[in-house]
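Next comes just one chain, in structure tokens: the form predicted alone.
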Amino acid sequence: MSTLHADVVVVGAGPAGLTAARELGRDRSVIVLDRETHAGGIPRHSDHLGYGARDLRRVTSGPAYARRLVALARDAGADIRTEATATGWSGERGLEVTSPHGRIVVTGGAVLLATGARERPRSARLVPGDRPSGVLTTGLLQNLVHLQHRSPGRRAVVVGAELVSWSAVLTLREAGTETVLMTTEHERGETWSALRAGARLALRVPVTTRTQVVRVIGKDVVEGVEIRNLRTGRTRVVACDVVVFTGDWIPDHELVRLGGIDLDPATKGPRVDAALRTSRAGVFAVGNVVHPVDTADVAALDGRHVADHVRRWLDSGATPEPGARIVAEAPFRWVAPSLLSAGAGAPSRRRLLLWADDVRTVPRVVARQDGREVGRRSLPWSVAPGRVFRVPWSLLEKADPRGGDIGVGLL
């Protein structure tokens, strides 16, 4: 196999990877690998407004946002190679890559994993029934409607009530498909209250909480879904010909596992410190492969944040000392970054990120290490499932990177 080399190899041409490539391409050689036919990531087929506010300081549609990020990365000198799938590792910072043109090895002084996250399909959620056509995830739905210009059906049930779930409703509406029900297992929809109320009013979608899809009905095509009320245990059937399973994200972590890089058992992504360094020297991870899942523009800001840390590695080759683990405690499911390392500085936007399984309206966050409290913050924004909860990094300013595990929970 032939070999290519660059200062930095970026795997994944979504917002995080493209923004990092743009920042690094100004003074380093950068190769970006992406398995899709076109670069841009998920926004490429999310054809509605809401992208770019934090990183580009403008609000645009998903496809326009993706095109802009690709153009900026290329203008900075990044070599973006599509239909190029990294299938394994070759040495410490080399990747085996397969494309329609053959197999090659791509090596770098540093490797940046920006492979993103994906929604769990119906099979991973263990929803029984036959396997009829019409069962989709949001990504498949948007691909079908925006790229293939096909109609998914007439009546849809959307499983989940996260931000991405409302994105699915918008896509269904554009395709002429009526959303007859949105269902969530939680006590309330997972988006912010103002957005949730506005979306329900504008889109006129009925939302049922504390309900669960327990069966997909139909043999060749979807005919309906069976819904269980988790409060009463009663079931009912909702007629539809489309079911869209939204949210419930998991990182695309195949290269992490193949490389023997430490995984965080809570996020299912690589364990990183505030500098986004993994357990393999010179290998960084950024965006939603680290934690599922944040918005595209926040992932892009992570890509901007990691650039300086990659440069420092290329210039010095210094390997960080092992840090103290940061561990999420109930009601939190995961925390990112999950390592406190000496010399790593603060994370992107100086925020510690957490994901919760319960609602708290006036949260008081506490951090404990080695049997003592090292930080406490009362915050004016609520904790809720289905969205990232952000805590000032100063919560951990008194924690010891050489100490024991740091537990982060609520009082």
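Keep in mind that what you see is a predicted model, and the values were worked out from it rather than measured. Start at 1 and count along the sequence shown; that's the residue number.
One more form of this protein should be noted, the form predicted together with a small molecule, which is absent from this view; the next part is about it.
This chain is drawn without the small molecule; in the model of the complex, the residue among 209, 279, 295, 341 with a heavy atom within 4.5 Å of it is 295. This chain is displayed alone, yet in the model of the complex one of 255, 182, 225, 135 has a heavy atom within 4.5 Å of the small molecule; that residue is 255. Residues of just one listed stretch (173-181, 332-340, 226-234, 85-93) have heavy atoms within 4.5 Å of the small molecule in the model of the complex: 85-93.
The small molecule is not drawn, but in the model of the complex it has a heavy atom within 4.5 Å of residue 50.
Although the partner is absent here, residue 43 lies within 4.5 Å of the small molecule in the model of the complex, judged by heavy atoms. With a 4.5 Å cutoff on heavy atoms, residue 11 counts as touching the small molecule in the model of the complex. In the model of the complex, no heavy atom of residue 267 sits within 4.5 Å of the small molecule.
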